[in-house]
Structures are given as structure tokens and as C-alpha cells.
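Next comes just one chain, in C-alpha cells: the form predicted alone.
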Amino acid sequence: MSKRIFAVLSLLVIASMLLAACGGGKQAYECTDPIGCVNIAPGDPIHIAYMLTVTGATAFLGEDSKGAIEIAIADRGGKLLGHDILLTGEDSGCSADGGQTAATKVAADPTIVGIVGTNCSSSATAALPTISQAGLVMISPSNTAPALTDPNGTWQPGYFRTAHNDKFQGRVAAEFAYNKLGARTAATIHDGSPYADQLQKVFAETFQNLGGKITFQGAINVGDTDMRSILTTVAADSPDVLYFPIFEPEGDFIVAQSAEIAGLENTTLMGADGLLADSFPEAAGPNADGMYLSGPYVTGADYDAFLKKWETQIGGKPPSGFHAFAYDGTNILFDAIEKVAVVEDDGTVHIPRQALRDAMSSTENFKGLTGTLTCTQYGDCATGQALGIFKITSAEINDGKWPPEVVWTP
């Protein structure tokens, strides 16, 4: 090799070394996020999970949410940032034990970016410490217990919800009872769950602030079938309204057996969104005719289009009232992932976990099916606008009509 060629080669080697030293070469991504990153290789999916109640008496809630998640994924062509979206899930049930078990399984999988769930507030209350410590985000379509977004309550970093806070629902139900039904006395029954207990407390406090009197506040146990004893206690004061924000099948028994109790003949029955299920009217029977349910109410052209997608992709009608909230929550999660993700030239994606939490809490003016949503630092994204009072009639009990008509909105 001539000296001239050797000199040229040497200069080229030195130049390449200098370029690399000065940043001319591509630097490997370094995660500096305080709670870590999810790293997704080319060809691997972006993994989200659900934690929903998909078995048992409350499965209608999970089916309702899961269908909406699947529609949100389909709307994006099944992809995010050029990667397939992988959806897996755990049955969180509607209990603390179910929530804790599901959270332990999900938190053990480091590929999961975020979670849609849970349905029930009791599940979320138990799951949150594990989910939060794992650095995950979780956005719920139907948790409504006020304590979940209260920094002095059970709130944990990484928690969000598109469902209304029951500070809204309890107020709406009490205002309807007092102002529209003309009720001046009311009693409440709950089942000991965070959802039911906190909701009836808001109802009772609002009803009293309006000038009404609460004659009784009591509880049953999940699994109880004979409600006659507590109904007899309620009937001692013959309240104008009995508000019982619980689930099936316990709510079915309260409605059916109340017809047997002297002193309740003129008492108006009111449930909440836990009974807003197409199985409830038939299971509760004839005594449900004329009763009311407080719960989510969504309207508009975009929502009508969503229902058509449901009919085509899932089939039939949504079995409960929180599907639109699940759709909005899934899209808020997807938007936040797109906002913070670092995408390399080869398709590798890095998602910083704390940055993802920050992006979700900074969500502003999100145009969803359930309204315009802005998330607070403690996770409340809903305004309480998407609420109404439904009335059960013989059409729902005998003819299978669903959902019932909305008779009042705040």
C-alpha cells in the first residue's frame, strides 16, 4: 500500500472517530424518567390492559366497557405509533379481593403501558396502591366513589377516571327527589362498598341541605337475599323516597320485597347506576314499574354513530351505561401515549411512565362522547354533565325495551 493511500485511510478513520465523539453517530436512548420507561422493539405491540368485572352478577359492566375499548382500538386501525395495539385483561370483579388479585397480575407485566379499569370503586380502592407503585396509569370508565380522587382519601398517583364523581350523582339524585318529586323525607340503603356508601352519603347530605329529612340510613351485606327486616325498619317512618345505590341481585330483592312491607305503599323507589342494566327490570319484577334510576346519560350525533359501531362490531346494544366513558378513557390514554412517546428511526418506541401520567393529568378540552373533558391533578376528568334520571316502566319489565327513558336532566 502506498504511503499516500495509507495517509488518506488514516485521515478517514480519524474523521469518523471525531464525528462519533462530537455526536455525529446516533446515541442510544437513555431513559431518565423518574419511574422508568416502557421500551417497545420494532414489531412488538403496544400493550394495554383492562381490569374489569367480566364474570358474575356485575359482568354487564365489564362487557359494556370492554366493547367500548375494542371500538376505540378499531377506530385507530388497531395501531398506535406504527405498532399493533395488544389488549389483554384481568377480571377484577366488583370486590376488593378481585381488584387486588387483578392488580398483582397486571403489575407483574412490565410490558403493560396503561390500564382501562376498574368498573367498581371497591376494586379500584384495593388495586390502586399496587398499580401506582408499579408506575402504571389507570383510567376508569365507571369508578364514582368520591374518595378515589380525594388526596385525603384513597387517591394514588397514576389514577384517572372519565366517570362522574358521585359528588355530582348524589346531588343530582337528591335534587330530583326534593325538587321534582316533592319528597320531604327519604331513607337510604347501601351495601358497605365504597361506591354505595359514599353515594348515599352525598345524597343524604344534599337532601338535608335542601330542607329534607333523612329518616334512616342503613346497610345490607353483599349476598343478602332477604331484605324484609331492613325494609320493615325503613317503613316505620314511611319515607317519601327510598334511595338504594347498590347492584344486582341485591337491588332486585329490595324492589321485589318492598311490595310486601306495610308502610312503603307510597314510597318512591330510587336506585342508581349500579342497577342501570338491561337485566334489572325483568329480575326486579312488576314492583319496579314507576321507580327511578340516577346514572350516566349521553346524547349527540357522535354518540349515535358510536352506537352504530357497537351494533356492527359488538352486536346489539350496550348492556350498561358506561360504554361512552370507556371509549373516552381509552382515547385519552392513547392520546397521552402519542404525546410522550419517543420513536426511533427503526420503529423502537420508548414511553416514559411519569411523563405519561403528566400528559394525562394535563388533558384539556378533550372532545369526547361524554362531553368536553379536562383532567385534574387528582384524576377527575368528568364534569358531571352526562347525568340523568331514568324511569322504569312496564316496557322495560315486560317487553325488553332498553334503555329506559330519561325523564330529567340537571
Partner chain sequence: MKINLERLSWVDVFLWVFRVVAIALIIIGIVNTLSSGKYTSEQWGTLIFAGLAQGSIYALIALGYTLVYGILLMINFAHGDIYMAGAFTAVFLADKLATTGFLAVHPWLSLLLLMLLASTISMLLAVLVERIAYRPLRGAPRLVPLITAIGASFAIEYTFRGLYGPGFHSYPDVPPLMGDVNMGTFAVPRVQLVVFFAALVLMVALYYFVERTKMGKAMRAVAEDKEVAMLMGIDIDSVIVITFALGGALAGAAGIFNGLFRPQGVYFFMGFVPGIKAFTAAVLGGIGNIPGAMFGGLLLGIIEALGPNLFLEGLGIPAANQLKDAIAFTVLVLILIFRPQGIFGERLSEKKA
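Numbering follows the first chain given and starts at 1. We call the rigid core whatever largest set of C-alpha positions still superposes within 1.5 Å between the two forms. This one's a predicted model, so the numbers in the text were calculated from it and none came from an experiment.
Beyond what is shown, the protein has a form predicted in complex with the partner chain; the following relates to that form.
Contact annotation for the candidate site: D304, A324 and N365 all lie away from the partner chain in the predicted complex (no heavy atom within 4.5 Å). With a 4.5 Å cutoff on heavy atoms, A284 counts as touching the partner chain in the predicted complex. In the predicted complex, at least one heavy atom of T55 sits within 4.5 Å of a heavy atom of the partner chain. Interface membership of F334, defined by any non-hydrogen atom within 4.5 Å of the partner chain in the predicted complex, is ruled out. Residue contact check for A256: one or more of its heavy atoms lie within 4.5 Å of the partner chain in the predicted complex. Distance criterion of 4.5 Å from any heavy atom to the partner chain in the predicted complex singles out A59 from the list A341, C375, A59, C37.
Distance criterion of 4.5 Å from any heavy atom to the partner chain in the predicted complex singles out G218 from the list G300, G218, G78, G290.
Screening 178 to 186, 202 to 210, 225 to 233, 326 to 334 for residues having heavy atoms within 4.5 Å of the partner chain in the predicted complex returns a single hit, 225 to 233. Of the residues in 90 to 118, none comes within 4.5 Å of the partner chain in the predicted complex through any heavy atom. In this overlay on the rigid core, A336 has a C-alpha that sits less than 2 Å away from its partner position between this form and the one not shown. A movement of the C-alpha atom of R228 reaching 2 angstroms or beyond is seen between this form and the one not shown when the two forms are aligned on their rigid core. The Cα shift for P249 between this form and the one not shown, taken after rigid core superposition, is 2 angstroms or larger. Wider separation of the C-alpha atoms of E248 and G93, by 3 angstroms or more, is seen in the predicted complex than in the present form.
Panel note: the distance between the CA atoms of E311 and S279 is smaller in the predicted complex than in this form, the difference being 3 Å or more.
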